[in-house]
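Both blocks below hold the same protein chain, though in two forms, and each is given as structure tokens: structure 1 and structure 2.
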Structure 1
């Protein structure tokens, strides 16, 4: 008999007792009437019997012990993984703490920068928008005007640096400098810091204002034991240091139109100074000390002057605003 899936299903269900009583009766009638169906029933029944006759295998006697050992192994493995997880957790915790600390530092730095931007005066070194200022009329003092003085219409960063002056007479030098700052109308633009061994004046003003102050300092320059000028460059390079700087060199460097020009002038002066130091006979150095060379190219430093000769009605001329902005930190160091 050719296999008929529907008949086979019915016969299998009959063999397995999965038919209702009525269905069983119908199958019995069918088997009784049809020899082929009866034969197929026996074939399927024999298949079932053959599989059912397969010997029943018993589980290994140590199955329970094997299960217990397997559980112990899994328990150990999970403990190890928990332990490993603990180590990993500790490591992650350290990393997270480090990252959190770094983030805090970065945040503090950022906040500090923002606060500094808000409260600090505009520094010549900072790159900001270039403002076009209306030139204020310069004081009309024809004999004191620099030979190539031209009205400065574009504001921009100029000199930025530090002038270190060493003196045994700190109090006198300090008094002189204070007076010079006041005379040149720079008091409001100067921050003073008084320390036992030094005085620090941080001046943010126009180039002209600084020129005048340096000119005043020039009158007592020889009283200083040494003077060195540190010219700031951009943040990525070392500042230029000019030892034994003269007032004229200082004025020349400060008088440049841009920060880059100031740095370049300071470098040239430093090279010349080193060259002079190395020369036998120190002729060049003495020349430099006498300002013979620099004087040729130097413009006359405009001196501060009183608007009135009457000391009682002394009017301090404010330095012209706008133009090239400079920043100078003067440090008076006590050598005693």
Structure 2
């Protein structure tokens, strides 16, 4: 989308919460109709989030006195330069402009370094503090699995983690999940635990099989009261936790080609989610995102295919052997 100063000014006012209720409604409609405007809104939101995330530094105590002395010294130099002649005054003016330009370049360089430390990806094996991963500890998910459940062992180089879904209709959600697992040919690859307040499904299958299962869950995602995704890293670091995860985020993380790529995608999604929670006008944007989940995000997730030409047959092709293997534990929690 080409830069449009009027549209950018309107979107910036929307992000800063400076519009009236009627104007906010008009912007919401414009974003829902025009994909380019929606993309531009996300770009401006990311810029605002990065600027707000910059650290605040305390000004020196004697800064005001230094500025006063500097202004007095420049004033004396200016008076001397004017009395010396027009040529000397012009030379001093050029010097002051050069100093101001150099100070601006130095300031932009420092700002760029801070932004790079915030958004730069983490290389494997990098030691030391990282700005993205260490601002706050990951939230603790209490008692997601009972002690009787054996820990899952990653069977391949792909995704490994846990999806927790809270619902007040546990029986209906459990029946839907069982049917989806059977329809996608994953019944023989799934271990089930039935407890009074939860249902636990441990699935080890190919990435394609898990993509199809997440696509089916996306059709009833709005019926869950909340959804959390925990992405396993390794035995030395804490897992990455995404609260209020969407089906699109889940599909994008699971669809990576390696476990390292899954963890990196989850970390990026967690950072963006934290920025979005602090964004002005978040309630309106959340409504827009929920309205677009089914219309935009879900068609991007691969759908299951029937292996038989008989329309009454629901047997799905077995996952291909030798592909990226994944491990997912789905926990249905009863909130009643």
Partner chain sequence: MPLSAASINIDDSVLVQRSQTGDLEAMERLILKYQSRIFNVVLKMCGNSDDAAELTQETFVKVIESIEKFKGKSSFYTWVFRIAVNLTLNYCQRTARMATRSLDAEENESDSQGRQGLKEFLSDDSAADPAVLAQRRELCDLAKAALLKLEEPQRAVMVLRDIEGMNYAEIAEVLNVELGTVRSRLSRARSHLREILEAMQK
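The term rigid core refers to the maximal set of C-alpha atoms that superpose within 1.5 Å between the two forms. Numbering follows the first chain given and starts at 1. All figures in this text were calculated on a predicted structure; none of them were measured in a lab.
Q. Is the form predicted alone shown as structure 1 or as structure 2?
A. The form predicted alone is the one given as structure 2; the other form is structure 1.
Q) Core-aligned, is the CA shift for residue 72 between structure 1 and structure 2 2 angstroms or more? A) Yes; residue 72 is a residue whose C-alpha shifts (by 2 Å or more) between structure 1 and structure 2 when the cores are overlaid.
(Q) Once both forms sit on the same rigid core, is the C-alpha displacement of residue 268 at or above 2 Å between structure 1 and structure 2? (A) The answer is no; the displacement is under 2 Å.
Q: Align both forms on the core first, then report whether residue 328 has a C-alpha shift of 2 Å or more between structure 1 and structure 2.
A: Comparing forms between structure 1 and structure 2, the residue 328 CA shifts below 2 Å.
Q: Could you tell me how many Å the Cα atom of residue 43 shifts between structure 1 and structure 2 when the rigid core is held superposed?
A: That residue's C-alpha sits 127.3 Å away in the other form.
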